[in-house]
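Below you will find one chain, with nothing else, as structure tokens; this is the form predicted on its own, and questions on how it binds or moves follow later.
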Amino acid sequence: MIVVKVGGGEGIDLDAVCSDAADVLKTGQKLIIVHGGSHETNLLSARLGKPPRFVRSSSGMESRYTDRETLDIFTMVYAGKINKYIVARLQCLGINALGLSGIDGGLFKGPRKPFVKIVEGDKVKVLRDDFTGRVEQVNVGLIRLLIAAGYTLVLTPPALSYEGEAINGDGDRGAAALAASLKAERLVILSNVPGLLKDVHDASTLISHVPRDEIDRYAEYAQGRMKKKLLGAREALGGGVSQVVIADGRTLRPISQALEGKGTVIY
């Protein structure tokens, strides 16, 4: 089993991802797709007069501020537009795809954060109306049932809190939890960059290999969303996944190239 997390950043070609996924699946390889939708959420938020707001924690992690209205927009894009687009493309390519959010069947469950501490300038603030959380449980039984029935799964946030609320659970860490729960061989994280770069403005500074016990040392190069991708990689490896590849989702064969080792291989 391979879990492929398709990022939601600008520039990722979903048609190419779907075409390549179909080719990989037709070789007999089992594969589950988990996807994001951050760029499309930003665009829709702006159109609806609710510009996106991103906050930074004291540890330097950046995340989307998700109040109730933002959660509604987030769900429309992730579980609606993008999930169904990917499913439709795969169906067109001969793959019997089934799209679900983490809410459906309690696929992804975890705690909603009671509050979020953020840093703005030199001040620390507390947000209590933020619907974010972390995936702790994966409904592996339902996933195996659907796979046995012949479906290729396309999964996406939001997740479900233990209190039954929809929450914005990070997609990279959710994919890591899924890969660990399934004892997947590999987790592929596709982004709109070639991988972990020493200089984010220079693709030639790609770090091609990172041993698991050196992730913290290489984390100093991670900027923005890459911090959570490395965190997800650490969690997946800690859960028994053999290898994580952070690779470029903007190519014609993004999954195949990642499986060939193109990108940052963490092992």
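Counting begins at 1, following the sequence as shown. Remember, predicted model here, so these are calculated numbers, not experimental data.
There is also a form predicted in complex with adenosine-5'-diphosphate; it is not shown, and the following applies to it.
With the partner removed from view, the residue among Gly99, Gly102, Gly195, Gly174 that has a non-hydrogen atom within 4.5 Å of adenosine-5'-diphosphate in the model of the complex turns out to be Gly195. Using a 4.5 angstroms threshold between heavy atoms, Asn168 stays clear of adenosine-5'-diphosphate in the model of the complex. Among residues of the shown chain, Leu190 is one whose heavy atoms approach adenosine-5'-diphosphate to within 4.5 Å in the model of the complex. By the criterion of a heavy atom within 4.5 Å, Leu43 is excluded from the residues contacting adenosine-5'-diphosphate in the model of the complex. Proximity of Ala203 to adenosine-5'-diphosphate in the model of the complex: non-hydrogen atoms within 4.5 Å are absent; the residue sits far from the partner. Of the candidate stretches 25-33, 64-72, 235-243, 216-224, only 216-224 contains residues with a heavy atom within 4.5 Å of adenosine-5'-diphosphate in the model of the complex. Although adenosine-5'-diphosphate is not shown here, in the model of the complex the stretch 38-65 places heavy atoms of just one residue, Ser38, within 4.5 Å of it.
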